[in-house]
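Given next, in C-alpha coordinates, is a single chain: the form predicted alone.
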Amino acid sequence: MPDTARAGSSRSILIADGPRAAAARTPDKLAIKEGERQLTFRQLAERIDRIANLAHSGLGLRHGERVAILLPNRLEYLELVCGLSSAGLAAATIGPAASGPEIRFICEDSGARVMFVDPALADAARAAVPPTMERVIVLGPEYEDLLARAATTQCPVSVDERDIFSVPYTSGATGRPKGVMLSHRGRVLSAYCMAVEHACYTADDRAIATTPMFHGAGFLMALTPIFFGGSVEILPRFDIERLLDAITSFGATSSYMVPTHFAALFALGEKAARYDMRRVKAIISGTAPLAQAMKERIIAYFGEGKLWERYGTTETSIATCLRPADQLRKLACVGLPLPATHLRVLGDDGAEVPQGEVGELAVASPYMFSGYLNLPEATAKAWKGDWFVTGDLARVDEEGYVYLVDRKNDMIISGGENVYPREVEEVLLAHPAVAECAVTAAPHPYWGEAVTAFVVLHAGQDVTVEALEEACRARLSRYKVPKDIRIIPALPRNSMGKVLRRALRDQLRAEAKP
(Lines give C-alpha, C1' and ligand atoms only; values in the text may rest on other atoms or scores of the structure.)
Protein backbone atom coordinates (compact mmCIF):
# COMPACT_ATOMS: atom_id res chain seq x y z
CA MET A 1 0.00 0.00 0.00
CA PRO A 2 1.16 3.57 -0.58
CA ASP A 3 3.03 5.29 2.22
CA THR A 4 1.14 7.93 4.27
CA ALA A 5 3.36 10.58 2.67
CA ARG A 6 1.36 10.05 -0.51
CA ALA A 7 -1.78 11.78 -1.72
CA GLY A 8 -4.03 13.32 0.91
CA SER A 9 -1.35 13.45 3.59
CA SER A 10 -0.88 16.60 5.65
CA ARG A 11 2.88 16.15 5.26
CA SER A 12 3.32 16.08 1.48
CA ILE A 13 1.59 17.14 -1.70
CA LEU A 14 2.55 15.99 -5.18
CA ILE A 15 1.84 17.50 -8.58
CA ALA A 16 -0.62 14.65 -9.34
CA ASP A 17 -2.66 15.29 -6.21
CA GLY A 18 -4.53 18.22 -7.74
CA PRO A 19 -5.97 16.30 -10.70
CA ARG A 20 -6.59 13.27 -8.42
CA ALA A 21 -8.69 15.41 -6.08
CA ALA A 22 -10.57 16.88 -9.05
CA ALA A 23 -11.28 13.33 -10.26
CA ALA A 24 -12.92 12.57 -6.91
CA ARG A 25 -15.03 15.77 -7.02
CA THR A 26 -15.95 16.00 -10.69
CA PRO A 27 -14.90 12.75 -12.40
CA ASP A 28 -16.69 13.37 -15.69
CA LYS A 29 -15.59 16.96 -16.14
CA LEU A 30 -13.23 17.83 -19.01
CA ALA A 31 -9.63 18.08 -17.81
CA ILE A 32 -7.48 18.28 -20.97
CA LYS A 33 -8.28 18.90 -24.61
CA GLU A 34 -5.96 18.72 -27.61
CA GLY A 35 -7.64 19.00 -30.99
CA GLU A 36 -10.36 16.33 -31.12
CA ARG A 37 -8.79 14.35 -28.27
CA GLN A 38 -9.76 14.93 -24.66
CA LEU A 39 -9.62 13.41 -21.18
CA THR A 40 -11.99 13.71 -18.25
CA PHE A 41 -10.52 13.89 -14.76
CA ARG A 42 -11.54 10.27 -14.14
CA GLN A 43 -9.67 9.15 -17.27
CA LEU A 44 -6.66 11.31 -16.44
CA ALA A 45 -6.36 9.94 -12.90
CA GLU A 46 -6.62 6.36 -14.16
CA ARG A 47 -3.92 6.93 -16.79
CA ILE A 48 -1.64 8.57 -14.20
CA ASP A 49 -1.89 5.42 -12.07
CA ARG A 50 -1.30 3.14 -15.06
CA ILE A 51 1.85 5.07 -16.01
CA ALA A 52 3.19 4.94 -12.45
CA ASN A 53 2.65 1.17 -12.28
CA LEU A 54 4.05 0.66 -15.78
CA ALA A 55 7.25 2.48 -14.80
CA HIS A 56 7.64 0.69 -11.46
CA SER A 57 6.40 -2.83 -12.15
CA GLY A 58 6.56 -3.07 -15.94
CA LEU A 59 9.83 -1.26 -16.70
CA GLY A 60 11.65 -1.87 -13.41
CA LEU A 61 12.43 1.80 -12.81
CA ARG A 62 13.16 2.83 -9.25
CA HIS A 63 12.64 5.88 -7.06
CA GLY A 64 15.13 8.66 -7.86
CA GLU A 65 15.83 7.64 -11.46
CA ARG A 66 15.17 9.85 -14.49
CA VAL A 67 13.13 9.08 -17.62
CA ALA A 68 13.63 11.03 -20.87
CA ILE A 69 10.63 12.62 -22.59
CA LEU A 70 10.95 13.83 -26.19
CA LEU A 71 7.57 15.27 -27.16
CA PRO A 72 5.97 18.37 -28.60
CA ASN A 73 3.00 19.75 -26.68
CA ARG A 74 0.37 17.00 -26.65
CA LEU A 75 -2.29 15.42 -24.45
CA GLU A 76 0.05 12.78 -23.00
CA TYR A 77 2.61 15.24 -21.63
CA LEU A 78 0.78 15.96 -18.38
CA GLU A 79 -0.20 12.33 -17.71
CA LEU A 80 3.37 11.16 -18.30
CA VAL A 81 5.03 13.67 -15.97
CA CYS A 82 2.35 13.22 -13.28
CA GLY A 83 2.42 9.43 -13.62
CA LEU A 84 6.18 9.00 -13.65
CA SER A 85 6.60 11.33 -10.68
CA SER A 86 3.96 9.35 -8.77
CA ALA A 87 6.46 6.46 -8.97
CA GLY A 88 9.28 8.68 -7.69
CA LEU A 89 10.78 9.30 -11.13
CA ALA A 90 11.82 12.61 -12.68
CA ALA A 91 11.17 13.53 -16.31
CA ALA A 92 14.26 14.79 -18.14
CA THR A 93 12.43 16.88 -20.72
CA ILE A 94 13.89 17.38 -24.20
CA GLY A 95 12.65 19.95 -26.72
CA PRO A 96 11.19 18.53 -29.93
CA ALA A 97 13.63 20.61 -32.01
CA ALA A 98 16.69 19.25 -30.18
CA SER A 99 19.59 18.07 -32.33
CA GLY A 100 21.05 14.58 -32.13
CA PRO A 101 23.99 15.67 -29.93
CA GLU A 102 21.60 17.55 -27.60
CA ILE A 103 19.35 14.49 -27.25
CA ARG A 104 22.34 12.28 -26.52
CA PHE A 105 23.79 14.74 -23.98
CA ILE A 106 20.56 14.98 -21.97
CA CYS A 107 20.06 11.21 -22.01
CA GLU A 108 23.63 10.64 -20.82
CA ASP A 109 23.62 13.44 -18.25
CA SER A 110 20.28 12.38 -16.76
CA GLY A 111 21.16 8.67 -16.80
CA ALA A 112 17.78 7.88 -18.37
CA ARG A 113 17.27 4.19 -19.22
CA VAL A 114 13.85 4.71 -20.83
CA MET A 115 12.54 7.35 -23.22
CA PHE A 116 8.98 8.24 -24.24
CA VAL A 117 8.92 9.79 -27.70
CA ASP A 118 6.50 11.22 -30.25
CA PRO A 119 6.09 9.04 -33.39
CA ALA A 120 7.41 11.82 -35.64
CA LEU A 121 10.62 11.98 -33.58
CA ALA A 122 11.16 8.26 -33.04
CA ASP A 123 13.77 7.74 -35.77
CA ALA A 124 15.80 10.76 -34.66
CA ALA A 125 15.60 9.57 -31.05
CA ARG A 126 16.79 6.05 -31.83
CA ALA A 127 19.69 7.42 -33.86
CA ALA A 128 20.77 9.75 -31.05
CA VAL A 129 20.29 7.87 -27.77
CA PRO A 130 23.37 6.40 -26.06
CA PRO A 131 23.89 2.62 -25.62
CA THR A 132 22.75 2.94 -21.99
CA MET A 133 19.19 3.67 -23.19
CA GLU A 134 17.35 0.38 -22.65
CA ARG A 135 14.03 1.19 -24.26
CA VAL A 136 12.42 3.83 -26.48
CA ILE A 137 8.62 3.80 -26.15
CA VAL A 138 6.74 5.44 -28.99
CA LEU A 139 3.42 7.11 -28.20
CA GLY A 140 0.54 5.53 -30.08
CA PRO A 141 -0.34 1.80 -30.26
CA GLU A 142 2.80 0.64 -28.42
CA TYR A 143 2.26 3.10 -25.57
CA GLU A 144 -1.47 2.41 -25.30
CA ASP A 145 -0.89 -1.34 -25.22
CA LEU A 146 1.57 -0.99 -22.35
CA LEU A 147 -0.86 1.21 -20.40
CA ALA A 148 -3.75 -1.20 -20.98
CA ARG A 149 -1.76 -3.95 -19.27
CA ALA A 150 -0.72 -1.80 -16.27
CA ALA A 151 -2.59 -1.74 -12.94
CA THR A 152 -4.94 1.10 -12.05
CA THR A 153 -4.22 1.02 -8.30
CA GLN A 154 -1.96 3.67 -6.84
CA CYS A 155 1.70 2.80 -7.26
CA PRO A 156 3.19 1.35 -4.03
CA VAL A 157 6.16 3.73 -3.93
CA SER A 158 6.72 6.24 -1.15
CA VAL A 159 7.08 9.70 -2.71
CA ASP A 160 7.77 12.91 -0.80
CA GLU A 161 7.03 16.47 -1.86
CA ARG A 162 10.75 17.27 -1.86
CA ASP A 163 11.43 14.55 -4.43
CA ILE A 164 12.35 15.72 -7.94
CA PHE A 165 9.56 15.40 -10.51
CA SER A 166 11.18 17.15 -13.48
CA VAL A 167 14.60 18.09 -14.84
CA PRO A 168 14.27 20.66 -17.64
CA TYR A 169 17.58 21.69 -19.18
CA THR A 170 18.71 25.27 -19.55
CA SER A 171 19.39 26.56 -23.04
CA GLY A 172 23.14 26.49 -22.53
CA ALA A 173 23.49 30.15 -23.56
CA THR A 174 26.39 30.59 -21.12
CA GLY A 175 27.92 27.12 -21.30
CA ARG A 176 26.88 23.46 -21.30
CA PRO A 177 23.16 22.90 -20.60
CA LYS A 178 22.36 22.39 -16.93
CA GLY A 179 19.63 20.08 -15.66
CA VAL A 180 17.48 22.11 -13.23
CA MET A 181 16.02 19.82 -10.57
CA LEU A 182 12.44 20.80 -9.69
CA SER A 183 10.64 19.39 -6.67
CA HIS A 184 6.94 18.66 -6.24
CA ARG A 185 6.84 21.13 -3.36
CA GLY A 186 8.33 24.03 -5.28
CA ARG A 187 6.01 23.76 -8.27
CA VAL A 188 2.87 23.01 -6.25
CA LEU A 189 3.51 26.12 -4.17
CA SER A 190 4.08 28.07 -7.40
CA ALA A 191 0.68 26.87 -8.65
CA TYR A 192 -1.02 28.01 -5.44
CA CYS A 193 0.72 31.39 -5.68
CA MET A 194 -0.45 31.77 -9.29
CA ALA A 195 -4.01 30.95 -8.26
CA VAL A 196 -3.97 33.60 -5.55
CA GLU A 197 -2.16 36.24 -7.60
CA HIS A 198 -4.05 35.96 -10.89
CA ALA A 199 -7.49 34.75 -9.68
CA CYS A 200 -8.07 32.81 -12.90
CA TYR A 201 -7.44 29.20 -11.87
CA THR A 202 -10.63 28.08 -10.16
CA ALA A 203 -12.64 24.99 -11.07
CA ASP A 204 -14.80 27.26 -13.24
CA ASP A 205 -11.88 28.57 -15.31
CA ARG A 206 -10.38 27.43 -18.61
CA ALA A 207 -6.87 28.08 -19.92
CA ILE A 208 -4.95 27.72 -23.17
CA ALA A 209 -1.43 26.24 -23.02
CA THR A 210 0.68 26.99 -26.07
CA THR A 211 4.22 27.58 -24.78
CA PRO A 212 6.53 24.52 -24.95
CA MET A 213 5.90 22.14 -22.07
CA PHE A 214 9.48 20.86 -21.96
CA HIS A 215 10.33 24.20 -20.30
CA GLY A 216 9.54 24.68 -16.62
CA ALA A 217 7.23 27.62 -17.27
CA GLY A 218 5.39 25.93 -20.12
CA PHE A 219 4.65 22.84 -18.03
CA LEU A 220 3.51 24.90 -15.03
CA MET A 221 1.09 26.88 -17.20
CA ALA A 222 -0.50 23.62 -18.40
CA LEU A 223 -0.55 21.95 -14.98
CA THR A 224 -1.99 24.79 -12.86
CA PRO A 225 -5.48 24.92 -14.47
CA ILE A 226 -6.14 21.21 -13.92
CA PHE A 227 -4.46 21.20 -10.50
CA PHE A 228 -7.39 23.28 -9.23
CA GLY A 229 -10.05 21.38 -11.17
CA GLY A 230 -10.34 23.66 -14.20
CA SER A 231 -9.75 22.72 -17.82
CA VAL A 232 -6.89 23.32 -20.25
CA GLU A 233 -6.63 23.16 -24.01
CA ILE A 234 -3.16 22.28 -25.25
CA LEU A 235 -1.95 23.66 -28.57
CA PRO A 236 0.80 21.53 -30.15
CA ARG A 237 2.58 24.57 -31.57
CA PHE A 238 2.18 28.33 -31.63
CA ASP A 239 0.03 29.85 -34.34
CA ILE A 240 -1.49 33.20 -33.46
CA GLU A 241 -4.77 32.67 -35.29
CA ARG A 242 -5.11 29.18 -33.82
CA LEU A 243 -4.45 30.63 -30.35
CA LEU A 244 -7.00 33.42 -30.72
CA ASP A 245 -9.57 30.98 -32.13
CA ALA A 246 -8.96 28.61 -29.17
CA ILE A 247 -9.42 31.43 -26.65
CA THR A 248 -12.75 32.25 -28.31
CA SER A 249 -14.13 28.76 -28.95
CA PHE A 250 -12.91 27.20 -25.68
CA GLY A 251 -14.21 30.11 -23.63
CA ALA A 252 -10.77 30.55 -22.10
CA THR A 253 -10.43 32.81 -19.08
CA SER A 254 -6.62 32.94 -19.25
CA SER A 255 -3.68 32.41 -21.55
CA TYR A 256 0.07 32.66 -21.17
CA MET A 257 1.77 34.59 -23.96
CA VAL A 258 5.32 35.72 -24.63
CA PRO A 259 6.46 38.87 -26.48
CA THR A 260 6.75 37.13 -29.86
CA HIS A 261 3.10 36.04 -29.56
CA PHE A 262 2.00 39.64 -29.12
CA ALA A 263 4.13 40.72 -32.07
CA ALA A 264 2.34 38.10 -34.19
CA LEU A 265 -1.03 39.31 -32.88
CA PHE A 266 -0.47 42.90 -33.91
CA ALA A 267 0.91 41.81 -37.28
CA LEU A 268 -2.62 40.52 -38.04
CA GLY A 269 -3.89 44.07 -38.33
CA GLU A 270 -7.68 44.30 -38.70
CA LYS A 271 -8.06 40.49 -38.69
CA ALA A 272 -7.42 40.48 -34.93
CA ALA A 273 -10.74 42.23 -34.29
CA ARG A 274 -12.77 39.17 -35.33
CA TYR A 275 -11.92 37.27 -32.11
CA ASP A 276 -13.96 37.60 -28.90
CA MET A 277 -11.78 38.30 -25.86
CA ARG A 278 -14.57 39.26 -23.44
CA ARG A 279 -14.34 36.10 -21.29
CA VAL A 280 -10.61 36.53 -20.72
CA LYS A 281 -9.75 37.44 -17.14
CA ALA A 282 -5.96 37.33 -17.39
CA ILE A 283 -3.34 37.55 -20.10
CA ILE A 284 -0.11 36.53 -18.43
CA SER A 285 3.25 37.36 -19.97
CA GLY A 286 6.71 36.19 -19.09
CA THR A 287 9.96 34.66 -20.38
CA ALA A 288 11.23 37.97 -21.79
CA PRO A 289 10.43 41.60 -20.89
CA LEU A 290 7.61 43.38 -22.69
CA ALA A 291 8.45 46.69 -24.29
CA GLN A 292 6.42 49.53 -22.79
CA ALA A 293 5.01 50.48 -26.20
CA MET A 294 3.74 46.92 -26.65
CA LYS A 295 2.05 46.90 -23.23
CA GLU A 296 -0.13 49.81 -24.29
CA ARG A 297 -1.26 47.92 -27.41
CA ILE A 298 -1.96 44.73 -25.41
CA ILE A 299 -4.19 46.63 -22.97
CA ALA A 300 -6.02 48.33 -25.84
CA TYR A 301 -6.74 44.93 -27.45
CA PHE A 302 -7.65 42.73 -24.45
CA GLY A 303 -9.04 45.45 -22.20
CA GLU A 304 -7.93 47.07 -18.97
CA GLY A 305 -7.33 45.01 -15.86
CA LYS A 306 -6.16 41.86 -17.67
CA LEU A 307 -2.41 42.10 -18.35
CA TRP A 308 -0.03 40.57 -15.82
CA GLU A 309 3.72 40.61 -16.47
CA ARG A 310 5.90 38.21 -14.53
CA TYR A 311 9.61 37.75 -14.01
CA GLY A 312 11.30 34.54 -13.00
CA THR A 313 13.80 31.90 -14.00
CA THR A 314 13.65 28.11 -14.26
CA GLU A 315 15.55 28.02 -10.96
CA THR A 316 13.38 30.51 -9.04
CA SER A 317 9.99 29.90 -10.67
CA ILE A 318 7.96 33.15 -10.53
CA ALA A 319 9.71 35.85 -8.51
CA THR A 320 7.84 39.11 -9.27
CA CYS A 321 4.62 40.23 -10.90
CA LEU A 322 3.42 43.56 -12.24
CA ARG A 323 -0.33 43.78 -11.75
CA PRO A 324 -2.75 45.30 -14.26
CA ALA A 325 -3.24 48.50 -12.25
CA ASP A 326 0.49 49.26 -12.47
CA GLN A 327 1.13 48.46 -16.14
CA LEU A 328 1.02 52.06 -17.33
CA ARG A 329 2.06 53.60 -14.00
CA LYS A 330 5.35 51.75 -13.53
CA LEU A 331 7.24 51.95 -16.82
CA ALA A 332 9.59 49.11 -17.85
CA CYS A 333 8.89 47.43 -14.51
CA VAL A 334 8.34 43.76 -13.54
CA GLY A 335 6.42 44.50 -10.36
CA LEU A 336 6.56 43.45 -6.74
CA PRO A 337 7.87 40.22 -5.24
CA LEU A 338 5.31 37.42 -5.08
CA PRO A 339 3.95 36.32 -1.68
CA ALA A 340 6.61 34.58 0.43
CA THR A 341 9.32 35.84 -1.95
CA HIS A 342 12.24 37.97 -0.76
CA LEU A 343 14.60 39.94 -2.99
CA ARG A 344 17.96 41.59 -2.58
CA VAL A 345 20.04 43.68 -5.01
CA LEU A 346 23.72 42.93 -4.51
CA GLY A 347 26.89 44.74 -5.50
CA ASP A 348 30.10 43.10 -6.70
CA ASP A 349 31.18 42.72 -3.06
CA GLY A 350 28.03 40.74 -2.21
CA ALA A 351 26.55 43.51 -0.05
CA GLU A 352 23.16 45.10 -0.73
CA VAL A 353 23.32 48.27 -2.78
CA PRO A 354 21.37 51.41 -1.80
CA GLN A 355 17.79 51.77 -3.03
CA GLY A 356 17.62 52.79 -6.67
CA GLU A 357 21.11 51.58 -7.56
CA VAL A 358 21.75 48.76 -10.02
CA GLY A 359 23.05 45.42 -8.79
CA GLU A 360 22.63 41.68 -9.23
CA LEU A 361 19.22 40.33 -8.21
CA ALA A 362 19.09 37.56 -5.59
CA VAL A 363 15.92 35.66 -4.66
CA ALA A 364 14.81 33.58 -1.69
CA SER A 365 11.44 31.79 -1.69
CA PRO A 366 9.81 28.37 -1.13
CA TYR A 367 9.43 27.93 -4.90
CA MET A 368 13.11 27.40 -5.67
CA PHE A 369 14.85 24.61 -7.54
CA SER A 370 16.78 21.88 -5.73
CA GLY A 371 20.11 22.27 -7.52
CA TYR A 372 21.72 21.42 -10.85
CA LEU A 373 21.90 17.73 -11.72
CA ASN A 374 25.44 16.35 -11.46
CA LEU A 375 26.88 19.85 -10.97
CA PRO A 376 27.57 20.43 -7.25
CA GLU A 377 30.09 23.21 -7.91
CA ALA A 378 27.70 25.12 -10.19
CA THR A 379 24.94 24.66 -7.61
CA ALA A 380 27.13 26.01 -4.81
CA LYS A 381 28.26 28.96 -6.95
CA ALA A 382 24.64 29.93 -7.70
CA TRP A 383 23.77 30.36 -4.02
CA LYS A 384 24.86 32.83 -1.36
CA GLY A 385 23.43 31.26 1.76
CA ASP A 386 19.67 31.00 1.24
CA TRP A 387 19.77 33.40 -1.72
CA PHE A 388 19.89 32.33 -5.35
CA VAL A 389 21.87 34.83 -7.43
CA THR A 390 20.05 35.17 -10.74
CA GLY A 391 22.65 36.86 -12.95
CA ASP A 392 20.08 39.56 -13.74
CA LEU A 393 20.84 43.22 -13.09
CA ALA A 394 18.02 45.14 -11.41
CA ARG A 395 17.09 48.09 -9.26
CA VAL A 396 14.27 48.64 -6.77
CA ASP A 397 12.36 51.90 -6.39
CA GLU A 398 11.05 53.62 -3.25
CA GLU A 399 7.82 51.58 -3.38
CA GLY A 400 9.63 48.25 -3.65
CA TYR A 401 8.95 47.70 -7.37
CA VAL A 402 11.58 45.85 -9.36
CA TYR A 403 13.06 47.06 -12.65
CA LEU A 404 15.14 44.63 -14.69
CA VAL A 405 18.08 46.42 -16.24
CA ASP A 406 19.62 43.47 -18.11
CA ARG A 407 21.44 40.19 -17.84
CA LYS A 408 24.77 40.67 -16.11
CA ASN A 409 26.55 38.90 -18.96
CA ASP A 410 24.75 41.07 -21.55
CA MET A 411 26.04 44.37 -20.21
CA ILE A 412 28.17 46.30 -22.72
CA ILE A 413 31.24 48.24 -21.61
CA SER A 414 31.97 50.87 -24.24
CA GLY A 415 34.78 53.34 -23.59
CA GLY A 416 34.65 52.45 -19.90
CA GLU A 417 30.92 53.23 -19.63
CA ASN A 418 28.29 50.60 -18.77
CA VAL A 419 25.49 50.27 -21.32
CA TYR A 420 22.45 48.13 -20.56
CA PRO A 421 21.00 46.75 -23.82
CA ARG A 422 17.42 46.86 -22.61
CA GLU A 423 17.51 50.64 -22.16
CA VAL A 424 18.57 51.08 -25.79
CA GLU A 425 16.03 48.50 -26.97
CA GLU A 426 13.18 50.36 -25.27
CA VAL A 427 14.06 53.51 -27.21
CA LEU A 428 14.20 51.68 -30.54
CA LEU A 429 10.94 49.80 -29.85
CA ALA A 430 9.18 53.10 -29.25
CA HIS A 431 9.74 53.98 -32.91
CA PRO A 432 6.53 53.21 -34.87
CA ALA A 433 8.41 51.33 -37.61
CA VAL A 434 10.21 48.94 -35.25
CA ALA A 435 8.62 45.59 -34.39
CA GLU A 436 11.52 43.91 -32.58
CA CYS A 437 15.13 44.58 -31.77
CA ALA A 438 18.12 43.25 -29.88
CA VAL A 439 21.16 45.20 -28.74
CA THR A 440 24.52 43.62 -28.06
CA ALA A 441 28.27 44.30 -28.24
CA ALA A 442 30.65 44.15 -31.18
CA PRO A 443 34.42 44.10 -30.56
CA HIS A 444 35.93 47.52 -31.25
CA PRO A 445 39.65 48.47 -31.41
CA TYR A 446 39.10 51.84 -29.72
CA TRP A 447 35.97 51.59 -27.57
CA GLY A 448 36.56 48.00 -26.51
CA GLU A 449 32.93 47.17 -27.25
CA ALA A 450 30.62 48.99 -29.64
CA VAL A 451 26.86 49.15 -29.04
CA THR A 452 25.23 47.33 -31.97
CA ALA A 453 21.49 47.05 -32.67
CA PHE A 454 19.68 44.46 -34.78
CA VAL A 455 16.24 45.73 -35.80
CA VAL A 456 13.18 44.03 -37.31
CA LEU A 457 10.59 46.33 -38.90
CA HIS A 458 6.82 46.02 -38.95
CA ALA A 459 5.46 44.59 -42.21
CA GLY A 460 5.05 47.35 -44.78
CA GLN A 461 7.13 49.83 -42.76
CA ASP A 462 10.32 51.48 -43.88
CA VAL A 463 12.81 53.61 -41.98
CA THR A 464 16.41 54.67 -42.48
CA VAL A 465 19.25 53.81 -40.15
CA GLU A 466 19.88 57.54 -39.83
CA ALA A 467 16.32 58.09 -38.54
CA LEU A 468 16.76 55.37 -35.90
CA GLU A 469 20.08 56.85 -34.84
CA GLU A 470 18.42 60.24 -34.47
CA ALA A 471 15.67 58.73 -32.29
CA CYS A 472 18.35 57.24 -30.04
CA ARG A 473 20.32 60.50 -29.82
CA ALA A 474 17.17 62.30 -28.71
CA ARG A 475 16.71 60.07 -25.67
CA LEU A 476 20.06 58.48 -24.81
CA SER A 477 23.50 59.61 -23.69
CA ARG A 478 25.95 59.75 -26.56
CA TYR A 479 27.89 56.65 -25.49
CA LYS A 480 24.64 54.60 -25.46
CA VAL A 481 23.69 55.41 -29.05
CA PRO A 482 24.35 52.37 -31.27
CA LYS A 483 27.43 52.71 -33.41
CA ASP A 484 25.91 50.23 -35.84
CA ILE A 485 22.21 49.57 -36.57
CA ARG A 486 21.35 46.62 -38.80
CA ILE A 487 17.87 46.06 -40.21
CA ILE A 488 17.27 42.29 -40.51
CA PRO A 489 14.24 40.08 -41.34
CA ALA A 490 14.11 38.19 -38.01
CA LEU A 491 15.90 37.78 -34.68
CA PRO A 492 17.30 34.42 -33.58
CA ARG A 493 15.14 33.00 -30.76
CA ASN A 494 14.78 29.84 -28.74
CA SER A 495 11.51 27.90 -28.45
CA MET A 496 10.23 30.10 -25.60
CA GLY A 497 10.71 33.27 -27.63
CA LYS A 498 13.86 34.49 -25.89
CA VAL A 499 16.22 36.37 -28.16
CA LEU A 500 19.54 34.55 -28.51
CA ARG A 501 21.83 37.50 -27.96
CA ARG A 502 24.77 35.14 -27.75
CA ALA A 503 24.20 34.12 -31.38
CA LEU A 504 24.30 37.79 -32.39
CA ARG A 505 27.44 38.41 -30.33
CA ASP A 506 29.13 35.38 -31.86
CA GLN A 507 28.27 36.68 -35.33
CA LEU A 508 29.83 40.06 -34.55
CA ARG A 509 32.94 38.47 -33.06
CA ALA A 510 33.36 36.27 -36.14
CA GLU A 511 33.12 39.35 -38.36
CA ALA A 512 35.77 41.12 -36.29
CA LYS A 513 38.37 38.37 -36.62
CA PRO A 514 41.23 39.23 -39.03
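Worth saying up front: this structure is predicted, and the values here are computed from it rather than measured. In case it trips you up, residue 1 is the first one in the sequence shown, and so on.
There is another form of this protein, the form predicted in complex with a small molecule, and it is not shown here; the text below is about that form.
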Residue 498 versus the small molecule, in the predicted bound form: is there a non-hydrogen atom within 4.5 Å? yes
Within a 4.5 Å heavy atom cut-off, is residue 337 in contact with the small molecule in the predicted bound form? no
Please tell me whether any heavy atom belonging to residue 289 falls inside 4.5 Å of a heavy atom of the small molecule, as the geometry stands in the predicted bound form. yes
Would residue 311 count as a contact of the small molecule in the predicted bound form, using a 4.5 angstroms cut-off between non-hydrogen atoms? yes
Only one of 315, 425, 163, 76 gets a heavy atom within 4.5 Å of the small molecule in the predicted bound form. Which one? 315
With the partner omitted here, the residue among 395, 431, 407, 198 that in the predicted bound form has a heavy atom within 4.5 Å of the small molecule is 407
Considering the small molecule in the predicted bound form, find the one stretch among 236-244, 184-192, 399-407, 297-305 with heavy atoms no farther than 4.5 Å from it. 399-407
